[in-house]
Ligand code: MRU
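Encoded as structure tokens, the following chain is the form predicted alone, with no partner shown.
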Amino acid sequence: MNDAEKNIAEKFNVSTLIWDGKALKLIDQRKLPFEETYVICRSPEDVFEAIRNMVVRGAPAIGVTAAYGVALAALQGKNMADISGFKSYLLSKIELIASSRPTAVNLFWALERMKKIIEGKNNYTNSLSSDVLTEKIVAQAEEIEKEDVKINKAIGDSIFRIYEKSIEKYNILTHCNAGALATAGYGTALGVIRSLHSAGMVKNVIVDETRPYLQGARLTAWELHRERIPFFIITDNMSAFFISQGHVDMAIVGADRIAANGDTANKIGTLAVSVLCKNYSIPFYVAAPVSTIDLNTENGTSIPIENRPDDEVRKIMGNDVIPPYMPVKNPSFDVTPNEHISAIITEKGAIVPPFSENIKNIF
């Protein structure tokens, strides 16, 4: 990071990931907010496990982590004399990391960027030594991290293209965690909230707890508390009450994949919030980098939905709340149809309906 990017990270006092050139340290999001510890990844296998087991989560953060996973693979294998064998080894590690989680498109976007470095135009990398190719791979991973911080700050500031800076203060509902912890820094949905707060335009952030993994109660609230942004936590089934009582002015959520028509996959429960907002004529915004838009996915019906382990539902913070003989289901995401979305806020500005047409215009 350059000095400006370090200042952003320090100001918001959250280091989701730390790269020291040899290993990747990831804050263990499974243990927040009660314990702040880091998991050290020294191999692509470590990165695979960290993504799969939710040490790190959030689409942009997963993408950056995956890129560093390829960098770690390169550092491990750079002594291979045969460049073809080295490249085959790297591609196999990309396949491993790609299998960690299916829904977040940033994972595949980042890995594809790394793959292009490895393969090169017209296979020019065949003429490189393993050491030189490793340098290029590490540099690309570092660039992806730097870009993410810049992009998230731009996403946050894009809200002022919808709401002019004013003395008006808003009550904002958010679901799951799309903050610094879900990115390399600043955040997407929470980045928008940060920017509004910096302008003095946040009255309260209403934080859905986000069952079953409690990303809202454990992670979003932790970030807001550290930054002294006013908030309170509610259970997921309280959203309708606060919306119906006029206590919500807008909802802002992140995204794990946005289809070409604007349909958006995000944490399970997002769809319900969008239905409530549509019913009560409350703006519902999706904040995400352009890299989260998957033009190869025509609509939401084609987005793969990850099903996670039953114990995430059976237990809360390690304590049993459902006995093992009772069946449960645990889809990790749902899809919000484009007609529920007021705008998609990106680093290139706000995309408004009709999404199928306007999404194409930003590429």
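Residues carry their position along the shown sequence, with the first being 1. Everything numeric in this text was worked out from a predicted model, so none of it was measured.
Beyond the structure shown, there is the form predicted in complex with the named molecule, which is absent from this document and is the topic of what follows.
When contacts are defined as a non-hydrogen atom within 4.5 Å, all of Met54, Ile62 and Asn266 contact the named molecule in the predicted bound form. The closest non-hydrogen atom of Phe333 lies within 4.5 Å of the named molecule in the predicted bound form.
The closest heavy atom approach of Gly185 to the named molecule in the predicted bound form falls outside 4.5 Å. With a 4.5 Å cutoff on heavy atoms, Gln215 counts as touching the named molecule in the predicted bound form. Contact check for Ala255: a heavy atom falls within 4.5 Å of the named molecule in the predicted bound form. Only one segment in the set 134-142, 266-274, 163-171, 228-236 has residues whose heavy atoms sit within 4.5 Å of the named molecule in the predicted bound form; it is 266-274.
For the candidate set Lys153, Arg101, Lys78, His197, a heavy atom within 4.5 Å of the named molecule in the predicted bound form is found for exactly one residue, namely Arg101. Contact residues in stretch 157-185 (any heavy atom within 4.5 Å of the named molecule, taken in the predicted bound form) are Cys176, Asn177, Ala178, Ala182, Thr183.
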